[in-house]
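Presented as structure tokens, the chain that follows is alone, the form predicted alone.
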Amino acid sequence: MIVSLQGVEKVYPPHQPALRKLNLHINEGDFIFIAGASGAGKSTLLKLLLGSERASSGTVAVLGKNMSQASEFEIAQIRKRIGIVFQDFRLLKRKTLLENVSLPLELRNYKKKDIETRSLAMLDALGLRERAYDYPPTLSGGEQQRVAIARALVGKPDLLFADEPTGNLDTHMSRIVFNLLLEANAAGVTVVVASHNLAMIEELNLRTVVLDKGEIVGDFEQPKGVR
């Protein structure tokens, strides 16, 4: 089991509950949507899985590590195995698109030639190769979103978390992005996507966990082999 949550609660000061008694299990190779309206707790859940927030109670285990007890060093090591698409992109403004996408490969000590080849190929897949040497502030929001997705996928992580990965994209580009996520999943990457793109969720017809006011109110599992 690659992700396991047992009785997880998150309360922000002074008394603001964000997640309530969550029990969730994700197996290696799964593709799962976390759905729900704005404020349902999707982003908070991803923060707990990344270790950027700690649960108020309960156990959050990711890649075999209890994130509530892990040290900052241990969390940093776990994150090297995780691809992340943040809702606010978090691109480094003073680095080119190529340099931004290359970061996960540099952290894993890939050879320089391989880093450039793989990073350019990923930018190409998302229609941004011609802008590889431009800087994030020169891009539109949708283009920055695509760079963030390229960065998350380039290292072929064990686990990928995406927070509204198509929020700034049109229907055509959203489809391209989800095809890339599906390809990564087919290659063995476990994918967790927080999204309110109901049309795409319904079209892909994959396992969907529905949050409402911090509680899981539905967990719809698509039979294996059916898409």
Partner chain sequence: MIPAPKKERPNLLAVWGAVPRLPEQDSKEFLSEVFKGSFRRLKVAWVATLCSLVSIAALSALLFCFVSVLSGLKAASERLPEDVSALAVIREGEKFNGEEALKKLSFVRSFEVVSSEEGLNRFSTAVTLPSDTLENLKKDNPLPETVRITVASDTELTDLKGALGALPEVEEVLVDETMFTFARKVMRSVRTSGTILSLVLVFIVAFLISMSVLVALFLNRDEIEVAKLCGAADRDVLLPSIVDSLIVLMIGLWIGAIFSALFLKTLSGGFLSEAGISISLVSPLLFGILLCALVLAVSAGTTFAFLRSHRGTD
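Numbering follows the first chain given and starts at 1. Please read all numbers here as calculations on a predicted model, not as lab measurements.
Note that the form predicted together with its partner chain isn't included here; everything after this is about it.
Peer 1: For this chain shown on its own, do 20, 42 and 196 all sit within 4.5 Å of its partner chain in the predicted bound form, going by heavy atoms?
Peer 2: No.
Peer 1: Taking its partner chain as it sits in the predicted bound form, is residue 114 in contact with it (heavy atom to heavy atom, 4.5 Å or less)?
Peer 2: Yes, residue 114 sits close enough to its partner chain in the predicted bound form that at least one of its heavy atoms falls within 4.5 Å.
Peer 1: Heavy atoms within 4.5 Å of its partner chain in the predicted bound form: does residue 98 have any?
Peer 2: No, no contact at 4.5 Å.
Peer 1: If we define contact as a non-hydrogen atom of the residue within 4.5 angstroms of the partner, is residue 73 a contact of its partner chain in the predicted bound form?
Peer 2: Residue-level check for residue 73: yes, a contact with its partner chain.
Peer 1: Can any non-hydrogen atom of residue 129 be found within 4.5 angstroms of its partner chain in the predicted bound form?
Peer 2: Taking the distances in the predicted bound form, the answer for residue 129 is no, it never comes within 4.5 Å of its partner chain.
Peer 1: Out of 162-170, 176-184, 34-42, 60-68, where are the residues with a heavy atom within 4.5 Å of its partner chain in the predicted bound form?
Peer 2: So the stretch in question is 176-184.
Peer 1: Considering only 89-123, what residues come within 4.5 Å of its partner chain in the predicted bound form, judged by heavy atoms?
Peer 2: Sequence-ordered list: 90, 92, 94, 95, 103, 105, 107, 108, 109, 110, 111, 112, 114, 117, 118, 121, 122.
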